[in-house]
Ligand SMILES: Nc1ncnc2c1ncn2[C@@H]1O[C@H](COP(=O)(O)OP(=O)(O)O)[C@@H](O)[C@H]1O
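Below sits a lone chain in structure tokens, taken as the form predicted on its own.
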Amino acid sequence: MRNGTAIDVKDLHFSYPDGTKVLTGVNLRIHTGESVAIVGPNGAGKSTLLLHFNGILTGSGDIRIFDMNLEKKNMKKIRQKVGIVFQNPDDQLFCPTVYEDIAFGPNNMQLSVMEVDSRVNEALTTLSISELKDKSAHHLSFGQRKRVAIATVLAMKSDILVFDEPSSNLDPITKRKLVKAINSIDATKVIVTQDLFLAAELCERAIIINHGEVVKDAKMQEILYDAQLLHENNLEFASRCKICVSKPK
């Protein structure tokens, strides 16, 4: 059962300084505890949308995170509640060791040494990367760095986790490990991706974004089996995804 609303977006518009319109009236609602995929072609506005969820970008319209309006006075609390895992893990990893990377956020929250250590070790265990804690992230494989980047957000104990193209540049085995790790996390999850196979593994609901607006919001099975809808939005045909989910009745 879903209890309350985690993200509520109403009539969101956003243009870059050069005048390029990216979001043209987005409306969506994500309930607490849901795992929702936001899918669409390149240039659809997906990544721009996710950067609004914790105020990295701000457009015109209304956004509420739980019971808080997305505005300056609430920004600190909202950024503690919404963690974003970027497509490139190197954008999040900069400390000498994996342990220090994961501890960076909790340390900035001025938690006790014991609490920071507890959070770091819990994140390491959840992502099955405890053996990496004393290594430099820049000496790890891309897939390992992806999991460390997730751990840095997980240690913040964010209520909402947003993943930007989490499966990009991963081989099938590493992708499977990532799916297992993400599924093990107890939080509201938003998966921004073009990978419908990944979306089907992680989410029961999908929202298609194209040309800066919501095209379709429905159960994953319904979207995967609508070949015309997928074709119109430059996504995989439903017939390619029959191995992912059972066909809706």
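The first residue of the sequence shown is number 1, and the count goes up from there. The structure presented is a predicted model; accordingly, all values stated were derived computationally and were not measured.
Here the subject shifts to the form predicted together with the ligand, a form of this protein not shown in this document.
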{"item": "The ligand contact in the predicted complex: G59, any heavy atom under 4.5 Å", "value": "no"}
{"item": "Touches the ligand in the predicted complex: N42 (any heavy atom, 4.5 Å)", "value": "yes"}
{"item": "Interface membership of T20, the ligand in the predicted complex, 4.5 Å heavy atom rule", "value": "yes"}
{"item": "4.5 Å heavy atom contact, Q87 and the ligand in the predicted complex", "value": "yes"}
{"item": "Option from 45-53, 198-206, 176-184, 216-224 whose residues, in the predicted complex, bring a heavy atom within 4.5 Å of the ligand", "value": "45-53"}
